[in-house]
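First comes one chain, alone, set out as structure tokens in the form predicted on its own.
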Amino acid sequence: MEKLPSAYPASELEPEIYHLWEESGYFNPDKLPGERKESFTIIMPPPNANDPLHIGHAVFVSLQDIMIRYQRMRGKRALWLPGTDHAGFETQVVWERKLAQQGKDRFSLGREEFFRQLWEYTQKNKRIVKEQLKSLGASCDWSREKFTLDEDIVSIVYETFYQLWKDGLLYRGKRIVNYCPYHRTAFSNLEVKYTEEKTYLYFVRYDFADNSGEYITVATTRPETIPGDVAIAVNPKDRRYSSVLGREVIEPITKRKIPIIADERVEMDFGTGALKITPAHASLDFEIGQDHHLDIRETLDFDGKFNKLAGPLAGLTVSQARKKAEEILQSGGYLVKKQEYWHQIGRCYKCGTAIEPMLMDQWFVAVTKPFRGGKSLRDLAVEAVQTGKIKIIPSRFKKVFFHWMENLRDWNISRQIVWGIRIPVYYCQEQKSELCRKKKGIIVSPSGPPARCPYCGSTKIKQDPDVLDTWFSSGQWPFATLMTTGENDFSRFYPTQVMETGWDILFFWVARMIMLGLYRTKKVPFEVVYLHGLVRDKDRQKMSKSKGNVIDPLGVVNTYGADALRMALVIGNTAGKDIIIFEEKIKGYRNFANKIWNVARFVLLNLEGFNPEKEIEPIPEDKKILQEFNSVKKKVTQHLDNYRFSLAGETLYQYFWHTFADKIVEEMKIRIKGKNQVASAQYVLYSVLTDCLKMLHPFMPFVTEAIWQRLPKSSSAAQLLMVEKWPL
């Protein structure tokens, strides 16, 4: 019988063990031994293919691998489908930073070359990410690996786009969107980061155009947009202004006449109760302008600079124009006063640039428009959670989910970037027929560019330059993957059982997967949503490079082993709570791996004459040990069935170290040395060790499999622990 070394050699054995698993083919549910009628599927939240994995990724790997390994041992047809995300804007930003270091940008490279470079970059990172996932022990089915830019995935995404268009849930229109002047792209409401900041409220005088010497005062935080004003609005219930309705005033920077109108949306108790209406640069102003049929003056261009319509502010950036506008107002006697004002300012979540509300032609998904049985996409998602078809863990996030869905607005899905899935829309440049003009020359074609316009026959066709929001494509990930990995995969593995991800993307991603999944398949995409927390250090500080507290998961694996990292990330951490991780904790679980190894080493050294095929009747006190152990097995199983991974791991840790190792093994040492009831002692040691290995396997797959390979086994036992039956 093989004699184990005194310490568990993680760095030496882990690559060998993973190779053994891969060679077996058992990551593929179609190759698992035995008859397996019930499926258990997890679609991996695809890591971004723009950088190596970080400690947050190690969290999802640990939790999802625990679930998959447990269900595989429970006799399920367990599929964990891996993949990576092109991550649109995120990846483009990363690559643009690299280009900037070389004195280049995407505009100088051109669209095709820029895309080609990004493709090569992400393909290289995909390979790195795959190897990192393997080193963490991820038992994924690599034969079904997907990328969000795979051609077959893109085809599914295009089909959804086309169906939404046919169902009237997709439209193109000029709307106020969140625009980052630095990155020159629009964002959805969710991608804007709001911060409470000190600015100023400017009280500006607008003289009446009839030279009466009267004026009206308007309070604004944005004097630089005054050249875009088309009206002053007051609330019709505000008696202060009842006599001025219908009169005209002079806008004080470009000296244009604009009317005073009444609108109930004006807040009487804000500022002076008079609101300047700038439809091109504020969403409320746009709505008021549309309802009152006002003109639109777009004074700010997409490069973040004001144009000639801004008069003396032309050519200036927003901050420069604000300063200049203040000077003009001050010198002309139009600035009544200026006071400090704290309010929420939206900023780009990547670069911190102040978001500009800009009027742009964009593609929107109408998420609140009834379409199927009078229900909207939002209604379908809310109903799925309300009725329990989808369970959210922890349950407190249901309220958060419902609150967000209640305030949901139409989803802007077009992005003015290069890296991503090009919008499958083409425009007829000539519009030679009445039908073509009625359709505004819009041709939605998921199969590629048409040779001629289907409305007027023109050959002058141009594709929409924008790409789809990455959340639109990744929102289809559960069904798009299974529709493209095998002929029967969708029918066998969909709906999936669990979507495990961070609570911070419940809105960005999970809600959209629910809406789009129900829309395309009429089924929920998953039955359980398990939300993990954010990773923090022992001082509960968020990990960041600037703080120097980032833990490299692969560096930790090289030093302490993957099992130690996995246990440190799982034990003591519950669903939805921030995950506390530090090196000492990881080191502690490396010691636990050594404890398991050394207990196994002792057992192996003391199995002389033991035959696992032979039935042994243990003595009464040993029967009691086994009965108590049965209650531990039941408790661990219940915890895992109820997604209480920390409690399951903690129960195993406490039992193995403090009951099995500290008490049972020590007692058996004395009995074996004294040759007292040795057969019964060996039976207890072997039985408890093997069942502990089975239960610890989902948590610590490497050390348990390494020991399993060295244990004597009965003919009915599996050759690989990963497919051994769960001990209940």
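Worth saying up front: this structure is predicted, and the values here are computed from it rather than measured. Each residue number is its position in the shown sequence, starting from 1.
Absent from the display: the form predicted together with the RNA. The rest refers to it.
Inset, instruction - Answer with one of M67, L53, L32, V665: the residue that has a non-hydrogen atom within 4.5 Å of the RNA in the predicted complex. - result: By the 4.5 Å criterion, the partner-contacting residue is V665.
Inset, instruction - Just give me the single entry in Y341, F402, F147, W119 that has a non-hydrogen atom within 4.5 angstroms of the RNA in the predicted complex. - result: The residue in contact is Y341.
Inset, instruction - Decide whether K577 counts as a contact residue for the RNA in the predicted complex under a heavy atom distance cut-off of 4.5 Å. - result: Yes.
Inset, instruction - Would you check, heavy atoms only and a 4.5 Å threshold, whether R590 touches the RNA in the predicted complex? - result: R590: contacts the RNA in the predicted complex.
Inset, instruction - Answer for V93 alone: is it within 4.5 Å of the RNA in the predicted complex, judged on heavy atom distances? - result: V93 lies outside the contact set for the RNA.
Inset, instruction - Spell out, yes or no, whether the shortest heavy atom distance between R644 and the RNA in the predicted complex is within 4.5 Å. - result: Judged by the heavy-atom cut-off of 4.5 Å, R644 is in contact with the RNA in the predicted complex.
Inset, instruction - Could you tell me if all three of V266, E287 and Q654 have a heavy atom no more than 4.5 Å from the RNA in the predicted complex? - result: Spot residues vs the RNA: full contact, yes.
Legend entry - Listed range touching the RNA, judged in the predicted complex by heavy atoms within 4.5 Å, from 621 to 629, 98 to 106, 581 to 589, 525 to 533: Flagged stretch: 581 to 589.
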